[in-house]
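Take a look at this single chain, the form predicted alone, given in structure tokens.
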């Protein structure tokens, strides 16, 4: 009997494709609402000032990627990827429904649950895709391309659904729709589990190793709970008031400090030869460039989202679309342009740009997108809103930048990292992405103080500076790579 296939791939790919699609639908759908809800004063939002709302947004989106590091560890040592994905989805669904209920405490509990659940689900569902192709090769790469389409399909549909219900009817209904999406993902994941074979099962871990890992995780969990309890008690007693802006500021310093300390440790005590140390230096440079890139790109959900709501004429053929619908544009452009970029790199053959050069091109295009927004800001007045086409062009440029940097970066991490720490290098990549998300949220907090023109010009200048620096140093960086492309 011929095995069932999905677009010429193992049938299990369909299970993971739709699991990730529904999870991304819920994530991007809720993300499109978050900062708009926090600043809203007319329809039941929390009415926070921009700085506080942006700090909360940044902390949440940063935590999603930050928690992918322990999420991968828990799957590798204790749960197995298959179990981690399921319980991650359960936490995400519970988080969305908690946000939908209404009370402030449950709202923030919901954000915490979603961050924890995404940290469990996101890195491990991708790893399971690789497990479906033990033979590796081009077919495995093609499978990841199909899976990537599921990510962007969910990222397209999510804002369309959640923003409509959230902005046009009720904020909490929009959060509930995101939860329903994740429930659909869990149902089909369970129903399709029989097609996964052995993908995602816990293996290579002895009972003693698993017991030791459970003990370590338990101790760390108790420490975190105790620390949280102390902070909560101090807050309730008025001794130390928890301030989202303060927490975001501390994280914006502590994450790069940890990254630098980690790489310093590997250079000094990792036991690597000279060639491996050179490639580690390249990884560090790419992580830094990645943090700058995502610090700009992820403003799609923060400063650009606020610009869409406050300064953009959203009427199309007489109908005012929800501001969050614009959040679907990057995913639409990725779906349309990814095959074009894949063809382009192949067509260039020997003239294909190096990895650092592609990063520089990606940063330059993102910088241009912010200069476009700074130009748009010059036309905004209290009585005049600009055309939606400014945001369309901006998202197009940002997406072409993403396609130069994101897939290349993921591939580069696996190729450049010393074999024994490939997993840790992926963790550092997620950490850099986390830092970028945090910075993207914090930047939106300066919208009122600086104004659109100054804020977007400043972001564009910083990103373009990084692009120029990386472009100038691309040839020597390529030499450090030692022939790895």
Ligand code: PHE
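Residue numbers count along the first chain shown, from 1. All figures in this text were calculated on a predicted structure; none of them were measured in a lab.
The following text describes the form predicted in complex with phenylalanine, which does not appear among the structures shown.
In the predicted complex, residue 402 approaches phenylalanine with a heavy atom inside 4.5 Å.
Looking at residue 122, you'd find a heavy atom of it within 4.5 angstroms of phenylalanine in the predicted complex. Using a 4.5 Å cutoff between non-hydrogen atoms, residue 28 counts as a contact of phenylalanine in the predicted complex. Taking the partner from elsewhere, residue 65 is found to have a heavy atom lying within 4.5 Å of phenylalanine in the predicted complex. Stretch 402-410 is the contacting one of 207-215, 109-117, 245-253, 402-410, since its residues have non-hydrogen atoms within 4.5 Å of phenylalanine in the predicted complex. Only one of 370, 307, 294, 175 lies close to phenylalanine in the predicted complex, with a heavy atom inside 4.5 Å, and it is 294. For the residues 74, 151, 132, 391, the 4.5 Å heavy atom test against phenylalanine in the predicted complex is passed only by 151.
The partner is not shown here, and in the predicted complex the stretch 156-186 never reaches within 4.5 angstroms of phenylalanine through any heavy atom.
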